[in-house]
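Form predicted on its own, single chain, as structure tokens, below.
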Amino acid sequence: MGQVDCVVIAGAGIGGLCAALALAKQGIQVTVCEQAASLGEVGAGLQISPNAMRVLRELGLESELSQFVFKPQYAAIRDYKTGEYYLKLPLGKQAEARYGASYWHLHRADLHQVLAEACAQVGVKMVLNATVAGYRENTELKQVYLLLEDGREFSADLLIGADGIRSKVREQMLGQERPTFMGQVAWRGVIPVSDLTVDVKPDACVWAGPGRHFVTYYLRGGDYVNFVAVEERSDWRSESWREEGDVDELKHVFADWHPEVRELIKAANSTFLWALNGRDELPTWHKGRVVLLGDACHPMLPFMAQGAAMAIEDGYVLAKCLSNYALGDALLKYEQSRKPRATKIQQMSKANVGLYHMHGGVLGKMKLKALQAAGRFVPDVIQSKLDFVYGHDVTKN
């Protein structure tokens, strides 16, 4: 299918901007179409593990981002009532020594801003108020056209669908199918440390409990605490996948939890409530001159903190494949490289639901106790299970 000189990307999220930056650095003309009226990210904290950090470093962003980060010292799982540690794995300098890159906490908006500025510096064209309607291909002209709802069209050699779990690009490629509600909702919020009356440990911490869990970690050099509170629910009645959350309801749901959790929630003034959705493995990620990345092709539960990391890896690998192969081969190589890894991490994320939510009652508690014993007596075994995730280096593979 030949050389790629011009690319149009649907979606200016983190995955789309990483792809845009990587492609533009190769001299490819890139246009990004974003439905929002201004660039920005809804959401709160992100955990940027070493596998994603290597990509951001390769893209030249590490120094600029470093002013916004918090470096956690441990990855921890604690009991919802007693605060007992079931797991406490070292991050910080030990993780950097093991994986050759840091483990960072970043506010999503800070990462998005740095990516957008870097894209602008290398000539990426941003088109806002650009709601995608679909696309069409012209095989004779060897072009694909991104079609917007207002009638505008953008032609390119390749269209990248980075337009999220409700991707219009995916829908046209593979047919209309609603995402699957995964039986989980998540409250998310950010609290200034100055508003807290409790000392939150400097860790990436999961508080595990029956049918729900609570995540805490610091942002922006330790000035803020990010929280994610996940609860199992049988359905999601709202037409939207995100709505303003009720802080009083959140307090009620976690009313019998550890004082550290209760006091943190008490300091929250607002929160957003999200439905956690997913999809079955797609039959393909590409067709003709169109390819998908990020949540458009592999949405995952956030229980491995790898959603953003996988989109970052996707964008870099896709750009690298396009620089090394003709278009048809490049898209095939991209999917062959990325699909097995993303699918595996989707499965790992889904499996963590049972662990974090103590499924099985006493049996669920026993699994956490077994994890505790393994972490105490054979910590390398536990650490090695994460090597598949954190040790992967797409900048070299």
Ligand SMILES: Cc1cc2nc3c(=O)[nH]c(=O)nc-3n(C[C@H](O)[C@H](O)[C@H](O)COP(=O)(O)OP(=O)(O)OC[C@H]3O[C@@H](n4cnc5c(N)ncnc54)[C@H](O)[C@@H]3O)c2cc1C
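Each residue number is its position in the shown sequence, starting from 1. It should be emphasised that the depicted structure is a prediction, and the values quoted were computed from it without experimental measurement.
Below, we turn to the form predicted in complex with the ligand, even though it does not appear here.
Can you pick out, from 212, 168, 78, 289, the residue that has a heavy atom within 4.5 Å of the ligand in the predicted complex? Selected option: 168.
Report the residue, out of 173, 144, 308, 101, that has at least one non-hydrogen atom within 4.5 angstroms of the ligand in the predicted complex. Contact check passes for 308.
Stretch in contact, per heavy atom within 4.5 angstroms of the ligand in the predicted complex, of 297-305, 202-210, 115-123, 249-257: Heavy atoms within 4.5 Å of the ligand in the predicted complex occur in 297-305.
Residue 47, heavy atom within 4.5 angstroms of the ligand in the predicted complex: Yes, residue 47 lies within 4.5 Å of the ligand in the predicted complex.
Is there any non-hydrogen atom of residue 131 lying within 4.5 Å of the ligand in the predicted complex? Although the ligand is absent here, residue 131 would touch it in the predicted complex, with heavy atoms inside 4.5 Å.
Might residue 107 be said to contact the ligand in the predicted complex, defining contact as any heavy atom within 4.5 Å? Looking in the predicted complex, residue contacts with the ligand do not include residue 107, since no heavy atom lies within 4.5 Å.
Classify residue 164 as contacting or not contacting the ligand in the predicted complex by the rule of any non-hydrogen atom within 4.5 angstroms, answering yes or no. Residue 164 belongs to the contact set for the ligand.
With the partner absent here, would 189, 225 and 346 each sit within 4.5 Å of the ligand in the predicted complex, counting heavy atoms only? Answer is no for this spot.
Any residue of 12-33 that, in the predicted complex, places a heavy atom within 4.5 Å of the ligand: Residues within 4.5 Å: 12, 13, 14, 15, 16, 33.
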